[in-house]
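There is one chain below, alone, in structure tokens, taken in the form predicted alone.
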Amino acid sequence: MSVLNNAADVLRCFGNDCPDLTVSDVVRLLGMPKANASRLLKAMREANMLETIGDSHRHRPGRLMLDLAAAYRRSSLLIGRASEVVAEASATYGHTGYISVRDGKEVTAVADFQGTNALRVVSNIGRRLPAHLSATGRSLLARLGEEAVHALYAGHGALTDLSEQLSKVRHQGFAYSSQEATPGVDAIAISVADPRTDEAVSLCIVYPHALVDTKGRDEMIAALAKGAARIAEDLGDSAFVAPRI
């Protein structure tokens, strides 16, 4: 089990800020002896969990990881349905869209749809964000009851403000952020769930703050809301709140 845990720790090191790893990186990030790190990366290469980049000593996720990511998306009816909605909204308005999931106090994009406008937000798929500091995160946290939120953020300095923010999200049915996660970038997000699988995802559109006024924002919220409402009805998401614009 310890080998699996160590391999999982290595995989968790990857992200937007860490696209590849060397043995030295693993030693520094995980505090692992160099010999152990070297053996572990070798075993992960042999299992196709990692692959080297060209002739270098740098490692990136292997094809097995890509196959697993694709299988994860295909296995989720909710992600598939949500992707259709966000892809349509992204194509209509030209802004980048995401499907995100929450893991504890973080959110991660699992699917993205590139915008077509000349000035658009670059994709950050795979980037982990603090849930309380992003529209996607707050749209998902709002599905939790107050007690669950307080338990999750016990002792966290953001709890007081977060409770007020989530109350607003629950009332209006969507989350909005202005230049929080990224300077110059705004985001709108709506969450929907599949009670049968206990999955919840956030449907999000991100766009340059300077390009979209309130009317334009509300049009995009309405587009996402229409699609999310269809999903909620089809999947039986009784907790879904139709956005009030």
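Throughout, we count residues from 1 along the sequence that is shown. If you're wondering where the values come from, they're calculated on a predicted model, not measured in any experiment.
Keep in mind that the form predicted together with a further copy of the same chain is missing from the display, and what follows is about it.
S.K.: Picking from 168-176, 96-104, 150-158, 130-138, which part of the chain touches a further copy of the same chain in the model of the complex when contact means heavy atoms within 4.5 Å?
M.R.: Comparing against a further copy of the same chain in the model of the complex, the contact stretch is 96-104.
S.K.: Name the single residue among A239, V3, I245, A242 that comes within 4.5 Å of a further copy of the same chain in the model of the complex, judging by heavy atoms.
M.R.: Selected residue: V3.
S.K.: So, in the model of the complex, is D218 in contact with a further copy of the same chain at a 4.5 angstroms heavy atom limit?
M.R.: Close contact is absent here: in the model of the complex, D218 is far from a further copy of the same chain, nothing within 4.5 Å, heavy atoms only.
S.K.: Tell me, yes or no, whether A87 is in contact with a further copy of the same chain in the model of the complex, where a contact means a heavy atom of each within 4.5 Å.
M.R.: Residue-level check for A87: yes, a contact with a further copy of the same chain.
S.K.: Counting only non-hydrogen atoms and a 4.5 angstroms cut-off, does A37 reach a further copy of the same chain in the model of the complex?
M.R.: Residue-level check for A37: no, no contact with a further copy of the same chain.
S.K.: Should R12 be classed as touching a further copy of the same chain in the model of the complex when contacts are defined as heavy atoms within 4.5 Å?
M.R.: Yes, R12 sits close enough to a further copy of the same chain in the model of the complex that at least one of its heavy atoms falls within 4.5 Å.
S.K.: Could you list which residues of 41-66 come within 4.5 Å of a further copy of the same chain in the model of the complex, counting heavy atoms only?
M.R.: Stretch hits, in order: A43, M44, A47, N48, M49, E51, I53, G54, R60, P61, R63, L64, M65, L66.
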